[in-house]
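So this first bit is one chain, no partners, the form predicted alone, shown in structure tokens.
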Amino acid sequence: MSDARKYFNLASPFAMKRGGALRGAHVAYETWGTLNAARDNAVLILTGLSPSAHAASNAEDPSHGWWEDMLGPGKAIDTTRWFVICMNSLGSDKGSTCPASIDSATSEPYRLNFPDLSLEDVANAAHVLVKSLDIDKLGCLIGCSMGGMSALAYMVLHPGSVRAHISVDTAPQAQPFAIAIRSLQREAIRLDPNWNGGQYDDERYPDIGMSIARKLGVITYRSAMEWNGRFARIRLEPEQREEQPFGFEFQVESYLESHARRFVRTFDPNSYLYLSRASDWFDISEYGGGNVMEGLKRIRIEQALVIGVSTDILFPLEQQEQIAEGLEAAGAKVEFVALDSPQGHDAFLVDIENYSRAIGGFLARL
């Protein structure tokens, strides 16, 4: 199978915000388009928790990416104009150093010996990657979901390194509902006997815990409106039902099960735990004396587009409004777009037409 990933070696040791350091660490990334002579047309995309760096197909890897319809020649993120970089987050098992990686000190996987991970670490890894490409200032930084929080960290930690920003369905800090859901996801994984304190393998793998964690996530990624529209109270045919007490009876249960089954073995459970907790820990108010608005006001950029969706229960629309207000107070020219997409938090992956219109229009004006 084709693989377009490139790898950037981080400084060794690479110091982590909450203590400890990684040695011999790297991050995976992919690129599209061409960097111009002025080196000022670079766009960096920071992803949500589970996506890889493969945001779209390219010459090296023609398979569809997670933002395939958004990125490419003539699309909203037009690669005939922009040089686009998408980085796999530090801590993710999609090519970057993560808990499943080998610790050079022990020649064994890090597992729970991986240092505490923060989104500031993800941001710092992204910044040194960009600098290694001889790019002093990004033309635009795009952050989606968890990646939006990493993008805020990038801008507050590295002032003057970004000209414009697109914030997509994210938050300046995790709210209690989001923390509660992620806590339950982590608990489901940790309580699976096969998790075994992080010491699992392919033979004894926490399939059940990962399945429950994914189902909880999927429920929150979409809206009640969409669940109602897609499944209503439709029951499975008798022959499709589980022959056990309290087995699946409704179509929505079967859907969640099949979705989780596809995901379970595609993402390392310990990486899931680390990235999930990093999302809970991030709080822009740490840079503003405990005040979110003051933290946002420390970000110095020229322009921003902030997009949110009214049906998002994980990153509510009022948090997008807060980001827009904070960036505007910091002196940026801000466009705020509130969409009514029924798909909830996942709308940026599904409602490509409306997100493309907003993102493409903003980038065309830069």
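All residue numbers are counted from 1 along the displayed sequence. Since this is a predicted model, take the numbers as computed values, not measurements.
Just so you know, the form predicted in complex with another copy of the chain exists too; it's not on screen, but the next bit is about it.
- Considering another copy of the chain in the predicted bound form, the lone stretch of 138-146, 84-92, 161-169, 276-284 in range is 276-284 [heavy atom distance within 4.5 Å].
- Another copy of the chain is not drawn, but in the predicted bound form it has a heavy atom within 4.5 Å of residue 173.
- Although the partner is absent here, residue 131 lies well away from another copy of the chain in the predicted bound form, with no heavy atom inside 4.5 Å.
- Mapping the unseen interface onto this chain, residue 127 falls outside it, with no heavy atom inside 4.5 Å of another copy of the chain in the predicted bound form.
- Although the partner is absent from this view, residue 256 contacts another copy of the chain in the predicted bound form, with a non-hydrogen atom inside 4.5 angstroms.
- The listed set 100, 216, 157, 236 contains one residue whose heavy atoms approach another copy of the chain in the predicted bound form to within 4.5 Å, identified as 216.
- Of the residues 240, 266, 106, 228, just one reaches another copy of the chain in the predicted bound form with a heavy atom at 4.5 Å or closer; this is 228.
- If you check another copy of the chain in the predicted bound form, you find no heavy atom from any of 38, 69 and 341 within 4.5 Å.
- In the predicted bound form, another copy of the chain lies within 4.5 angstroms of at least one heavy atom of each of the following residues of 238-254: 242, 244, 245, 246, 247, 248, 249, 250, 252, 253, in sequence order.
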